[in-house]
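For reference, the chain that follows is the form predicted alone, supplied as structure tokens.
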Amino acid sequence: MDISSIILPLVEITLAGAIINASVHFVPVGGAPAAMATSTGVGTGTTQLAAGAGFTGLLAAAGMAAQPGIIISNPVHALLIMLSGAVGAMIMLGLTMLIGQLIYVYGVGIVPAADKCDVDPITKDPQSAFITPGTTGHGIPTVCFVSGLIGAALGGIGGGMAYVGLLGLGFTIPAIAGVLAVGFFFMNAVLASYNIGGTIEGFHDPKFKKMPNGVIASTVSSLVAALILIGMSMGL
């Protein structure tokens, strides 16, 4: 294995970890309160929601990588794999937010409203007037939905990039590359979850400013993980 076949996957895997961590900060996560429609976001945890979108993105990336004629060393083909991951993750998270929104509005009977801004930055609709006293918002307002789609796209790109890096290291069996990529995605999603420390509405949430700390942590940990993976690929 020459030095060029090591450096590129090392950079891809390290950069992928930083992108995955950043992506999680865009996803509107409401946790248990959101499951009871008393907080803005999707009613589940940060890691679960990010990992769900990441898995779908990885599957989409793996599907594209397995297509006849796709060559990993071709930059255009590698870009197609990463974009496939982004589209897969966006579809998964978009449908999750859409179905959740339908349940919140027509099942629970609440008006989607963000707690971390007085006016929706995208639609300019007022938010605070629709928040029930004693709660921290409801449902998935437009700004949260758009932020979630951005996060899913970044997560899919990061997952796809990690998958391409693993293939470049010689993990050419899709099942093995997929398992390693999933573990890698979970590591960075959990780091982002610790950095957020609970729930987040999206890029308009004050907690979003903590993202650089998470990105630095994931960059360092992903670099270490990449070195370990290089060692594994060399049979060390």
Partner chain sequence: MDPTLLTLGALALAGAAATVSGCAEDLESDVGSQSNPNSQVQLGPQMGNIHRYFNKAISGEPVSYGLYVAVAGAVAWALMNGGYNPILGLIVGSGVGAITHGAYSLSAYLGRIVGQSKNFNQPVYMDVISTHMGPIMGHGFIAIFTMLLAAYLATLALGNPFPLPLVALIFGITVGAIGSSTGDVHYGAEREYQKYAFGGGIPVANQGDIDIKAETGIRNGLDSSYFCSRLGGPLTGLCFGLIIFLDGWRTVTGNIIGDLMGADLVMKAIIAIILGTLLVIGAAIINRKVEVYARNKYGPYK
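Numbering follows the first chain given and starts at 1. None of the values given here were measured: they were computed from a predicted structure.
If you look for the form predicted together with the partner chain, you will not find it shown, but the lines that follow are about it.
- Candidate site formed by V42, F55 and M92: every one of these residues places a non-hydrogen atom within 4.5 angstroms of the partner chain in the predicted complex.
- Contact between H77 and the partner chain in the predicted complex is found at the 4.5 Å heavy atom cutoff.
- Contact annotation: M97 falls within 4.5 Å of the partner chain in the predicted complex, judged by heavy atom distances.
- A189 falls outside the set of residues with a heavy atom inside 4.5 Å of the partner chain in the predicted complex.
- A residue is said to contact a partner when one of its heavy atoms sits within 4.5 Å of a partner heavy atom; G178 meets this definition for the partner chain in the predicted complex.
- Contacts to the partner chain in the predicted complex (heavy atom within 4.5 Å) from stretch 124-159: D125, P126, Q127, A129, F130, I131, T132, P133, G134, T135, H138, I140, P141, T142, F145, L149.
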